[in-house]
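This document opens with one chain alone, in structure tokens, the form predicted alone.
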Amino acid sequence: MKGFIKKDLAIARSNIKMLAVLFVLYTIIGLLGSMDISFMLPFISVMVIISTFNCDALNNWEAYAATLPDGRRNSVKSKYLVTLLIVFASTILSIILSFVIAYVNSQDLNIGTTLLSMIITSLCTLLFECFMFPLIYKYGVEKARIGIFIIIFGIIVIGGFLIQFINLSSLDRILLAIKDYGLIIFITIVGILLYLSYRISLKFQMKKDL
């Protein structure tokens, strides 16, 4: 299991130059006050994770992993564990970046709001990957990208259609009711979906003909 994790982390480190360039670029934009870009780092982690799938496909890794003891299960498990590690690391980096930019620009920074924003951004990143991973294991990286685009577009269209029939006053009351427990509820939902995503991805991987 450790070998699988080390392999994915090694692939992630191979993207360090690209990440360093993006980090510097976002820092400069933030220092210039053009926009708040600290939320971008967790989403960049998605690019890193996808790169591990691309590398696996290029080197026919899944066929090799299937020959190892419990290789298919460990290959899926390592992807999810490495994803959690990378999202956590990028979140910490985003928080540091926010404080540095605020300090250099002599801006007032609400610590509570900043931390909450970063946590929600990271949870949204994990939520996105909950849907992305099963698609990749089922259809491969290239086809999965198309499926992800369709899902996102569909959510936007359906959401825009349904919002016309939502009683906004009722929605405000619901949001007010869950205000004190909203973050806990969100974390719980993402945790459950992450586990279900893992089980579905594992099922696809175990049935895949390599």
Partner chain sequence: MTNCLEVRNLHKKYNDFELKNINFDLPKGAIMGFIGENGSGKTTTIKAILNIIKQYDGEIRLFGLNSRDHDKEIKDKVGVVLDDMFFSEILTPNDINNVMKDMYQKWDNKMFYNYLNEFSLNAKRPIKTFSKGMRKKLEIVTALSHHPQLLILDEPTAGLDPVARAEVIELFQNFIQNEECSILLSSHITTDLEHIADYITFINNGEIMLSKTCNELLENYGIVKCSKQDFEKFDKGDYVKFRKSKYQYEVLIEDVKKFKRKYNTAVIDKITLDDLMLLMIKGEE
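Just so we're clear, the structure is a prediction, and the values are computed from it rather than from any experiment. Numbering follows the first chain given and starts at 1.
Another form, the form predicted in complex with the partner chain, is not on view; read the next lines as being about it.
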| property | result |
| --- | --- |
| Location of the partner chain contact in the predicted bound form, chosen stretch of 114-122, 134-142, 82-90, 68-76 [non-hydrogen atom, 4.5 Å] | 68-76 |
| Contact residue in the predicted bound form, chosen from A63, I146, M47, L183 - any heavy atom within 4.5 Å of the partner chain | A63 |
| Heavy atom of T188 within 4.5 Å of the partner chain in the predicted bound form | no |
| Contact of I11 with the partner chain in the predicted bound form (heavy atom, 4.5 Å) | yes |
